[in-house]
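As C-alpha cells, one chain now follows by itself in the form predicted alone.
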C-alpha cells in the first residue's frame, strides 16, 4: 500500500524529504541517515539520494553500514541508495547540467517504486539543489544553535535581536515553494531543526531561540529540536550504524549507554515533529492538506450568505 493513498487504489509518487542547508557542519547527513533508518524500521520502502557529488558523506555512511553488516554477518535495514556522479568537464555550466541530468535519472528510477525518497544536499547552490528543494514535500533544514548558522536564514539587529532581512538561502526556499505550487499545487512543509543543542541553557541559546521563532513566523516554516552535541553520533559513522539500531555489542560494536538512549529519544522526537505520513494521523494530515490544496483556488460558494 502506498503511504500517500491509504485506500491503495491509485498509487502516487513517493513522499520526498530533502535535508538542505547551504552551510556545512549543520548535521544534514546525520539527520538524513537517521530519518532513513527510522522510515526503514517503520516498514517503508526508502530510497536515498546523495546530491553532494564532491563530499558524498551520505554515500560513505551507507557504504560503511553495508561493510559493517557484512563484517558482522548481520541482517540490517538498508535503503536503495544512489549518488550523483561528479562531472569533471572544463565548463561549470556543462558540469551542472550533467549532474542535474544524473539526479533526474535517479529520480525516475525510484519515484514510483518507493514510499519515501530522502535527499541529502550539498552545502552550495546548484541547479540540482534547487530542483531538489522545489520537489520536496518536507524540507528539513538543520542549523547549529548559534547566530553564525542563523545567518544562512536571516539577518538580525545586534542590539535588539530583531530579524531585519531574510538570507539568500531562505529566499531560494521561498522561490522553490512558489515553483512547487505552480507546477503541481504541492505544498512544501519547511521545518528548521535546531541541532547541537547544549544541555546548559545560556542567554545566547535563548536569544537564538527567540530570533528563530520570529524568523519562522516570517518565513512560514516550523521549528523543531534535533540532535544534541553527542559523541555517539560521531562514533557511529565509521560503522554506518544509527542510534535506532539494536543496542548490543554485536550490532553496534559497543554496549548501550545513557547517551545512546538519550540520542534515540531525540531522533524519535524529531521524527514525530516532522509529521510525516507514517501513521494514521499522518495520513489524515496528508489527505487534509490535499483537500485544502484542491479547494484553495476555488471561489467560495454562497457569497450571498456573507452579504447578509
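Predicted, not measured: the structure shown is a model, and the values here were computed from it. Numbering follows the first chain given and starts at 1.
This next part talks about the form predicted in complex with a small molecule, which is not shown.
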(request) May I ask you to check whether residue 242 falls inside a 4.5 Å heavy atom distance of the small molecule in the model of the complex? (result) no
(message) With the partner left out here, check for me: in the model of the complex, does some heavy atom of residue 134 sit within 4.5 Å of the small molecule?
(response) no
(message) My question is simply whether residue 130 lines the interface with the small molecule in the model of the complex - judged by any non-hydrogen atom within 4.5 Å.
(response) no
(message) Against the small molecule in the model of the complex, would residue 65 count as a contact residue? Criterion: heavy atoms within 4.5 Å.
(response) no
(request) Counting non-hydrogen atoms within 4.5 angstroms of the small molecule in the model of the complex, say which of 124, 234, 155, 71 makes the cut. (result) 234
(request) With the small molecule left out of view, choose which of 117, 188, 227, 140 has a non-hydrogen atom within 4.5 angstroms of it in the model of the complex. (result) 227
(request) Establish, in the model of the complex, whether 211, 218 and 220 all lie within 4.5 Å of the small molecule, using non-hydrogen atoms for the distance. (result) no
(request) Specify the contacting stretch among 188-196, 170-178, 104-112, 79-87, defined as having any heavy atom within 4.5 Å of the small molecule in the model of the complex. (result) 188-196
